[in-house]
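Have a look below at one chain only, the form predicted alone, in structure tokens format.
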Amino acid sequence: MSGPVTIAIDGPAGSGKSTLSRALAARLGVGRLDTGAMYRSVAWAVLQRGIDTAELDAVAEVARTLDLEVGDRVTADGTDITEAIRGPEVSAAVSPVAANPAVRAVMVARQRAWVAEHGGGVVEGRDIGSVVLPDADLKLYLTASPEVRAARRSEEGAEAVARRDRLDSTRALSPLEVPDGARVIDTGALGVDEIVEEVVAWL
């Protein structure tokens, strides 16, 4: 495929989205956006401010005003939070923050702006192919067995991963689901290099 390309990657926690998105972006020479890091950054900022995630308006205001940069490193209001957003407190708070409709509206607008600015790219998350970029050139939905995914997220624990899956797939707005037209890939059955070669052949 010649010219700019947009690839949407969705899937639950531990399905391999970050590993594949990095490898694909490097192979294709395009930008990569981890939208999960965006929601985690808002959750981190909410916790730092002592705001309850149930305070929808206050949480939405954090999302609207947060100076956020997501790349190889993640910064919020000038602070490098790359490691901090992967901690257990943020992992526990991110699903209710991401379920906030006003937060999703802000983040989706930022995500689409990023794609427009970069002329495409590899974008990973939980509603990319279904909501953020429904017209992406290629949509992928990654999956793996609960055991494989829990092992990949051993720092969170199997129960925490299962809880996030349940919350993300049952929320009213933009639930985690297989987007229309997406190719489903079991990352527990194939290595990342094999998957990259298969994906490139689909473009």
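A residue's number is simply how far along the shown sequence it sits, counting from 1. Fair warning: this is a prediction, and the values are worked out from it, not measured in the lab.
Not on display, but discussed next: the form predicted together with ligand CDP.
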### Query
Pick from 164 to 172, 66 to 74, 23 to 31, 138 to 146: which stretch has a heavy atom within 4.5 Å of ligand CDP in the predicted complex?
164 to 172
### Task
May I ask you to state whether V122 is within 4.5 Å of ligand CDP in the predicted complex, using heavy atom distances?
no
#### Entry: 4.5 Å heavy atom contact, T35 to ligand CDP in the predicted complex
yes
### Query
Does any heavy atom of G14 come within 4.5 Å of a heavy atom of ligand CDP in the predicted complex?
yes
### Task
Evaluate V115 for contact with ligand CDP in the predicted complex, applying a 4.5 angstroms cut-off between non-hydrogen atoms, and reply yes or no.
no
### Message
For a quick check, can you give me the residues of 93 to 122 that have a heavy atom within 4.5 Å of ligand CDP in the predicted complex?
### Response
V94, S95, A98, R104
